[in-house]
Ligand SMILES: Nc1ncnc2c1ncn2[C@@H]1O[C@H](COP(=O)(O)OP(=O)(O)OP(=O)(O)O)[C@@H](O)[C@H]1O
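As a starting point, one isolated chain is supplied in structure tokens, in the form predicted alone.
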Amino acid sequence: MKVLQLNDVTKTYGKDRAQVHAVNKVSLDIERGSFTSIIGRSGSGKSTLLKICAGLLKPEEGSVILDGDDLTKIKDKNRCTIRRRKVGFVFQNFELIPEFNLMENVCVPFYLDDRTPDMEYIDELLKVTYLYDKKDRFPEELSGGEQQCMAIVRALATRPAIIFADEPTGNLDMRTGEEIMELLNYCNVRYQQTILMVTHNLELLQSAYRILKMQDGRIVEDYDKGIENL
């Protein structure tokens, strides 16, 4: 079952001769429960495509259907609501609120949506990431790896339809990066969580069922191992 569908999506920057097609007529289907990685050189359009998929950017052309909702045809307010409820986003720079402790950071999506967090589920996530005993600590009191784990727990807490991860290991050393990848793989298997990840590190691709390579705003290679072959 498809959780995400892109049809001839285009996003440009600049005008006239300076115009650049960051994403150029990309069509893509992402299956529910899959783990897909997007690779490519800097400037190939990876992060722009990810942000379009997540509803953070709106393309000039094409459609983006996320869990049944066409993000290109709804109002900005409704798109924000869909992002809070159906999307988890993991940033390279963590994007944590320094004035909030770990638990408060994790619960931010619920505060914004006036919903009650599932504390039993969140506690389970914190135990899996070894953060349960640190839930009263603030981001500056945690290591980079712990902050990224916190960001992943926040992304998972709402049980989203899909998690988007933009270079989630980019600011971490190799060993910590591998631990973050193991955590994402665990979330994919244990919680059947769909993951679409951008990375430049080819050594961290073993978890992905499918690898997409971008070049000049287009997907030029699509290597699909398939869940059944792992």
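Residues carry their position along the shown sequence, with the first being 1. Under this definition, the rigid core comprises the largest set of C-alpha atoms superposing within 1.5 Å between the forms. Nothing here was measured: the structure is a model prediction, and the numbers come from that model.
Here the subject shifts to the form predicted in complex with this ligand, a form of this protein not shown in this document.
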In this chain shown alone, the residue from T158, T129, Q147, Q92 with a heavy atom within 4.5 Å of this ligand in the predicted bound form is Q92
Is E167 near this ligand? Define near as a heavy atom within 4.5 Å, in the predicted bound form.
yes
May I ask you to state whether Q192 is within 4.5 Å of this ligand in the predicted bound form, using heavy atom distances?
no
Would G43 show up as a contact with this ligand in the predicted bound form if we use heavy atoms at 4.5 Å?
yes
Close approach of H200 to this ligand in the predicted bound form, 4.5 Å, heavy atom:
yes
Stretch from 66-74, 173-181, 29-37, 45-53 whose residues place a heavy atom within 4.5 Å of this ligand in the predicted bound form:
45-53
Of 1-34, which residues get within 4.5 Å of this ligand in the predicted bound form if you count heavy atoms?
Y13, V20, A22
Do you see a C-alpha shift of 2 Å or more at N78 between this form and the one not shown, with the core held fixed?
no
